[in-house]
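Single chain ahead, by itself, as structure tokens, in the form predicted alone.
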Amino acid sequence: MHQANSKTIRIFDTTLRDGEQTPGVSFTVEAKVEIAKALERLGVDAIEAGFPIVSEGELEAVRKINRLGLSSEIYALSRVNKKDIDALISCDVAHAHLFIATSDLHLKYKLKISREDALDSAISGVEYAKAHGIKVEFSAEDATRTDRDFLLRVYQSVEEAGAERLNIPDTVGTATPEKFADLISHLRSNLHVPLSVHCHNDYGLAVANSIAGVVAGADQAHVTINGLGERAGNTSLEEFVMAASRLYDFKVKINTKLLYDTSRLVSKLSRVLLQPNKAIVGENAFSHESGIHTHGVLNMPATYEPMSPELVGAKRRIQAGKHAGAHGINSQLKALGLDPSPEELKRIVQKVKEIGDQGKPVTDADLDSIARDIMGLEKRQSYFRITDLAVITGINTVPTASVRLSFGNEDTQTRAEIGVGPVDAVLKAIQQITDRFARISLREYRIEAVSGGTDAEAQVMVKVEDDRGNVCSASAVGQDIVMASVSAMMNGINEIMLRRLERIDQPKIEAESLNRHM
């Protein structure tokens, strides 16, 4: 822990603007509104809602978000020309983020103007926005590759023109923490308004540079959920917030317990999957397989966890695998309601290691099956069973799936859904039925080829979670990807349902109650 800081760092979230510039990402107006509401709940100080001049949809999104009456400040991005600023003004936002490139590289090859032309444009743009009653944050794009004397001249000039805040972007992530801190310190000593930092992750230094920037005198960081952004992305909100608050003791107004859920929401709406080992919010961030680690964590979590998973809204997970030890496996089995003898536990651990040595993962459903086989217990009956399934897809056809499930006392329910593909459609239809019993959501979906050729078998891995925090992994193998996906999903859902039913004194009463609510 570094020396305590009393300074509060503002969080300026640009997921909806710079994050959306991730190749392949395009949010609908409705998705932007949903994310904006989540960002306000998270506690961000400012939301950059979009770049109004880009499209009519972008203009509409900024207007709608601005009209929500959120407690976070709403910003819109604009170049310093009158046309861009007029589009921003039409959104009725109170805050503008204006920018123009200032490095000789950008001036010569992109804008094809002189330094003086860029300076004049910057001043006139700020003055025009200010004349319309808008508060301005100004960015000198590619600041870290701009001549330092000219950069200071630009910032001093727009400060004099009325800009309330100055942002220093490391546009292509070429700064190092030492050099960036030196630049921020230099600017801080020569300017009077608050400073922001905006860092990109091309060298993997976005969070480090942002931290260096606030240590050197900036009081606001531009960030995105999950580090979304062009090329290698922007400073990750969750990583910056936790590092700034936990390691540097800065104050931030973020409800960190909402980080995990907000991350999942943005991942779903952006269709950008998180790498499992993503810091803070990745699936493996609080998962443990190694016997040495699980033994330590089960006795004292701090032995192998730098923070509590609950602090960021996540949960600890012990994973079966070839590196697992008896303590970890036994912990998982107890969570499944199983209590093996020492000899049975030894055999279960050995079987898990044998499967791991074959390069295969061991899911929760697999572990339950292995343990019951070794302990001589009957296999549990599935709560839900698929009795009918039809999928339609094609070039000019919206993928559609119809599913019939039987449950409990042999009652059945049928649902039909559309999706972006046949797998999406059928999984949505299944969830439409099972949601009447328990809110079980798909947290992770992965598919891998087991063999080659057109008749290859594929292994589908899923991870599901219910509204009580129960998490279960399951898998299935098959030549038909849709059917393998259905089997994996059903395995996971059934495991969750059986856990729910077995954790109360009278499972039949709950089952009957669930049936009555269908």
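So that there is no doubt, residue numbering starts at 1 and follows the sequence shown. These numbers were taken from a predicted model, which means no experiment stands behind them.
There is another form of the same protein, the form predicted together with ligand KIV; it is not shown, and what comes next is about it.
Shown alone here, H200 lies within 4.5 Å of ligand KIV in the model of the complex, counting heavy atoms only. Among heavy atoms of F407, none comes within 4.5 Å of ligand KIV in the model of the complex. Heavy atoms of P169 reach within 4.5 Å of ligand KIV in the model of the complex, making it an interface residue. Interface residue remark: D18 is counted as part of the site for ligand KIV in the model of the complex, having a heavy atom within 4.5 Å. In summary, the region of this chain contacting ligand KIV in the model of the complex, judged by heavy atoms within 4.5 Å and restricted to 397-405, 180-188, 307-315, 138-146, corresponds to 138-146. For the residues L77, V352, V214, A129, the 4.5 Å heavy atom test against ligand KIV in the model of the complex is passed only by L77. Note on contacts: among Y260, Y383, F437, F99, the single residue with a heavy atom within 4.5 Å of ligand KIV in the model of the complex is F99.
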